[in-house]
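Quick heads-up: the structure tokens below are two forms of one chain, split into structure 1 and structure 2.
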Structure 1
């Protein structure tokens, strides 16, 4: 990485979400509602990654993500890492973990599922973590990782 990139990316307090699959970057921004944020946000995508090929990264000043927000990240970027920054230092690195139940985040892939026809909170149990497989509480069909669509 060269110096110019570093200048843009430095934040004093906040969170760096790293190792996001490049094609999922904007999904992560959406699901965390960052488009409404008044904080300083920088993001990059299609950065080289040994692990993912191409990755995305988001740096958000003054935000520290909690419970459900981390669940959401885990779902669309299961390899993501959260670096918690205080006073320009990384004070904690967190690996996201997929929760056992996903409520009202994901759309069921099955067009004949009742949740796609009436206003119902979707509910899935996570039957596999890597790759992610979600079993719909209603139609009992499996939504696979590559089919995950955020509501």
Structure 2
């Protein structure tokens, strides 16, 4: 064995988020609030990937993502994979899927939209998954992937 290789310890319980585009890794960490976590978090970026060229990965101990959190991951990293770990074993693998409707997660890009001036939940229909394009239910403007701002 090569002694120069770094070893990252396995997690007993938790989630591994894999296949994150390397340039979006810190966006995923931010939208999930992982900077404030008290649990062990391990991440790597610019790892070789046949699918993405370069990828990021996040290992989060004792945390399992649900509903809105998975939707947020899907908006930032639409082809990410979640590996659910229990007792050091992968018990489930999931590819995140962009939902058909996004509610209260993204800010409308249109500064004149009512959702930016009133206390109204934002609502978007997903027009495209690759690249992500969201159509506002209120002003009907399209928010493109590079304009997405998570609220």
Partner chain sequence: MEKRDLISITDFSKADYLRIMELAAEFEANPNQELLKNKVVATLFFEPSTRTRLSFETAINRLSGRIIGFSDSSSSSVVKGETLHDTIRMVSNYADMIVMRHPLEGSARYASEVASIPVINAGDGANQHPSQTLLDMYSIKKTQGSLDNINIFMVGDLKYGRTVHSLLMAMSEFENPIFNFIAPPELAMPDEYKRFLKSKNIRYFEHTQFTDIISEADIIYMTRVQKERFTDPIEYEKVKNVYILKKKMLKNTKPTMKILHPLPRVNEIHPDVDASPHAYYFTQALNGVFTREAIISHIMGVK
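Numbering follows the first chain given and starts at 1. For the two forms, the rigid core is made up of the largest set of C-alpha atoms that agree within 1.5 Å on superposition. Everything numeric here is computed off the predicted structure, so don't read it as measured data.
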property	result
Matching structure (the form predicted in complex with the partner chain), either 1 or 2	1
Location of the hinge, rigid-body rearrangement between the two structures, from 98, 40, 116, 45	98
Interdomain rotation between the two structures (smaller rigid part versus larger, whole °)	17
Core-referenced Cα shift (Å), residue 108, between the two structures	3.8
